[in-house]
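Taking the form predicted alone, here's one chain by itself in C-alpha cells.
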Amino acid sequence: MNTLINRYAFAVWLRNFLTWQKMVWSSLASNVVNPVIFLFAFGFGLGSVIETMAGVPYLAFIVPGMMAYGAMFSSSFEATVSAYARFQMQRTWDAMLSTPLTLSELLVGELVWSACKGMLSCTAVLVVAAIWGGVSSIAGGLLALPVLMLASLAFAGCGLAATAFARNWEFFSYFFTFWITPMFMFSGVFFEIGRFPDFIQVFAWILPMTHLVEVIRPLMIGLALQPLDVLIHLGYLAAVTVVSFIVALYRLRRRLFD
C-alpha cells in the first residue's frame, strides 16, 4: 500500500501553492497582516496598562499567544472556507479524484497545505515581534516552530472535519463561533487561564490551542518545561490531528462515494 504522504499528496499541495501565488497579496493581508495587527493592538495597547503577566513583560507574554492565534486562524480558515470552495463550489476535488489520486492523499495534501498557511502567519508574527523586542529567546522561538507545525496540522484537521459536514457556507458560522472564538479567548492568548472560573478552565483544556500555548510560551520566555507535560501536550495535539483526519476522511468518503 502506498504511503499517504507521497507524490500524489504533494501534487495537491503544489496545486494549492501555485494557485495561492496568483493571489498572494490578498492572502497575505488576511493571513499575515491580521495577526500582526492584533500583536500591535494588544501587545502595545494592553501592554501600556498591563506591565507584566505571570512575572514577564506583557509583550513577551502575548507574542507566543499571537503566534498560536496566527497558526490557528490561518490553518483553520484554509481548511474550511477555502477547502469548501474547492470541494463544493469549484468542484476541484471532483476533478482531482478522477485521476489516480485517492481521497486520503487529497486530504493529506489539503491538511499539509493548510498547516503551511498557518506557519506563514505565526512566522510573520515571530519576525515582527523579534524586531520590536518582544521575543525573550530567539532560540526558544525557533524551537517553538515545530510545535506550531504540529498544532497547525491539528487545527487544519478540525477544519477539514467541519468541511466534511458542511452543506452550505452558513455552517462555518457555527465552527468559527463555537470553536475558533473560544480558542482565541480562553486558551491563554491574552491572560493566564487560571484567571478564569473553574468551568471555563476545564473547557479550555479541551481546546488544542491551550496545549499549544502551554508549550510554546515557556519556550519563548525561557521558563523550564517538564518533559512529561510536554509529551502530554504534544500527544494531545497529535491525537486531535489523527482523530479529526479520520472523521473528515470517513465523512467525505460517504458523501462522495456512497
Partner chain sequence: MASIIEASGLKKTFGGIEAVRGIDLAIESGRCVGLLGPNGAGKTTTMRMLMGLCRPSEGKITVLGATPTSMPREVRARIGLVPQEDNLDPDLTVRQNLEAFGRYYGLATADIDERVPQLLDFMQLSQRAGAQVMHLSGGMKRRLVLARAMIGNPDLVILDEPTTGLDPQARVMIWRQLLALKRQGKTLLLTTHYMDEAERLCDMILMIDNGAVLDSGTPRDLIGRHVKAHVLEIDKPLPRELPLAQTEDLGDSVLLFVDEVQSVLEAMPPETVFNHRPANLEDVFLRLTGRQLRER
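Worth saying up front: this structure is predicted, and the values here are computed from it rather than measured. Heads up, when I say rigid core I mean the largest set of C-alphas that superpose within 1.5 Å between the two forms. Positions refer to the first chain, counted from 1.
We do not show the form predicted in complex with the partner chain, though everything after this point is about it.
At least one heavy atom of A95 is located within 4.5 Å of the partner chain in the model of the complex. In the model of the complex, at least one heavy atom of R91 sits within 4.5 Å of the partner chain. In the model of the complex, the partner chain lies within 4.5 Å of some heavy atom of T102. Although the partner is absent here, A11 lies within 4.5 Å of the partner chain in the model of the complex, judged by heavy atoms.
Remark: of stretches 159-167, 102-110, 127-135, 175-183, the one touching the partner chain in the model of the complex is 102-110 (heavy atom within 4.5 Å). Residues of 14-34 placing a heavy atom within 4.5 Å of the partner chain in the model of the complex, in sequence order: L14, R15, L18, T19, K22. L18 is not among the residues whose C-alpha shifts by 2 Å or more between the shown form and the other one once the rigid core is aligned; its shift stays under 2 Å.
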